[in-house]
Ligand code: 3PG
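Have a look below at one chain only, the form predicted alone, in structure tokens format.
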Amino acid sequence: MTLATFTKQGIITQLEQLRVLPILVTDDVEQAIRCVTALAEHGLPAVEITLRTPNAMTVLREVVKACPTVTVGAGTILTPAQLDAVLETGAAFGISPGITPVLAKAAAESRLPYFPGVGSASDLMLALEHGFDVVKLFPSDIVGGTKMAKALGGPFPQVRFCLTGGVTVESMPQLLQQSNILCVGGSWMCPAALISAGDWSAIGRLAAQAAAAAR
């Protein structure tokens, strides 16, 4: 993808093709760039960088600059202020683990392509009220995974889900068989131990394995 195609529909189309979104947690700019490059070179040119670390906004900004052909998004957006800050970094999209009326309103008014998190029918109704029909189901393994997505598909047939939380490369193929599951996400492709060790070849192998399992 190019920057011109970092639209919400463009991102959804890419996730529909990739079926898996790596989730990266690191506070080191160089490690983040090396990791994202390894993921992209091995079949996963889209990534979610979480805002769980003190230096996360800087990491996000620098990865966006260093990896212009990768769809770099921000995860763990909890407030409208974070939403604005993410937009300033040039990130392609934002994701939250949940949803609140204040954040949903701010996201609906923002130019940033955004995917809220849901864990219940009430969450999903709030998301739909603000125009969001592609959502993150989190934590997937706790709230019911494919059973939950299938159950919510009855009253909400227009919604598509990204499942995160407890997903593994072994469970991916079965999860992705369900028609209303757009993609799955997880951090197993870029674990902290391999990032700390600078083992980019191992991360590349995990990315290639995930990309193959998604197909």
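Start at 1 and count along the sequence shown; that's the residue number. All values derive from a computational prediction rather than experimental measurement.
Omitted from view is the form predicted in complex with 3-phosphoglyceric acid, to which the following refers.
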query = Just to confirm, Thr26 within 4.5 Å of 3-phosphoglyceric acid in the predicted complex by heavy atoms?
reply = no
message = Taking any heavy atom pair closer than or equal to 4.5 Å as contact, tell me whether Thr53 reaches 3-phosphoglyceric acid in the predicted complex.
response = no
message = Gly165 versus 3-phosphoglyceric acid, in the predicted complex: is there a non-hydrogen atom within 4.5 Å?
response = yes
request  = Mark Tyr114 yes when one of its heavy atoms lies within 4.5 Å of a heavy atom of 3-phosphoglyceric acid in the predicted complex, and no otherwise.
outcome  = no
key: Contacting member of Ser171, Thr37, Ser187, Gln31, with respect to 3-phosphoglyceric acid in the predicted complex [4.5 Å, heavy atom]   = Ser187
query = Can you pick the stretch from 115-123, 100-108, 131-139, 79-87 whose heavy atoms fall within 4.5 Å of 3-phosphoglyceric acid in the predicted complex?
reply = 131-139
